[in-house]
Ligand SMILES: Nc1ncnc2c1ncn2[C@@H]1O[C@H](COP(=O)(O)OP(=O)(O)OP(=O)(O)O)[C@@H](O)[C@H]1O
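This document starts with one chain, in the form predicted alone, laid out as structure tokens.
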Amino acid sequence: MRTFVLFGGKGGVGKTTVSAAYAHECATAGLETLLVSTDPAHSTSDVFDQEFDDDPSLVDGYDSLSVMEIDPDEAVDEHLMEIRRAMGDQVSASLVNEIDRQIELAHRTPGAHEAALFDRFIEVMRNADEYDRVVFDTSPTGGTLRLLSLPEYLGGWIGRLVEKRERSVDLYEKAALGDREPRRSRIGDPIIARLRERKENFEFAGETLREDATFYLVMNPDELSLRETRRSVESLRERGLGVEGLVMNRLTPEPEDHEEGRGARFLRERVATERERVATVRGEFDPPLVATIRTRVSEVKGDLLRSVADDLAIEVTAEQP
């Protein structure tokens, strides 16, 4: 198993429960484990009955399981403040107010959350050396796909910005007259340095996601979930990110043979329908179905979390270098 394990799927399918159960399984197997929530809903605190924030915190009752919840709004604020500081050092005082205005507009721009969140995502991956396994509980499918597409799209865009900036610096240097030295050279230009740093970060993220990350998609036994899962598998593959397996969550428990009445009949019909959908996934979906998890009668935490972990047939052994 690779270092980074990501659980995705549409909203409400139980990604947090499954990712928390897998993190529990890894930690109890002796792996130093970090569970990272990038879902704005943040249910990990409910699962473990403990408050978490943007810094990893050891979970009560565990020796090797830590949790962190990335706040997208806080990540955006930090991201834009960093841009403000970097740009403020490179422009004249007369442009500072305009930069502030543009940054304020950027705060409300579609995609700002994804860009800021991905910066934090990269930071976690770059500083994961102390962990044997990092488990990501991701946001619903659409947001996750936009997040994971950033290395491909922004990496190329930043590369073109670097080329334009280098040409601009060259033109400036050629326009310098006499013994007057240009204020910047291409090598020492801070904007080029900043863009190259960003490009390097995106290249690192893309390579890490392809080479050292494993993806699992969580689904429910309904047609909408099956359709979205199929689309997600295709979208991830288009980005060079393969799905290792599928997890079918919230299967209906079958009533006892002696139970009768309308409720029992409903449950039997529901179970029959779900079995057909499980068979469809097993027979028609390319990634294997690695776990089926029945619905619990109460919130999954404590002993119930351990029982869900027992249902997961997902490898926890660390991959040897």
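Residue numbers run from 1 along the displayed sequence. Because the structure is predicted, anything quoted here is derived from the model rather than measured.
Another form exists, predicted together with this ligand; not displayed. Remarks below refer to it.
Across the options 242-250, 117-125, 197-205, 228-236, residues that bring heavy atoms within 4.5 Å of this ligand in the predicted complex belong to 242-250. A residue is said to contact a partner when one of its heavy atoms sits within 4.5 Å of a partner heavy atom; T28 fails this definition for this ligand in the predicted complex, lying far away. Contact check for R294: a heavy atom falls within 4.5 Å of this ligand in the predicted complex. When contacts are judged by a 4.5 Å heavy atom cut-off, G302 does not count as touching this ligand in the predicted complex. Although the partner is absent here, V13 lies within 4.5 Å of this ligand in the predicted complex, judged by heavy atoms.
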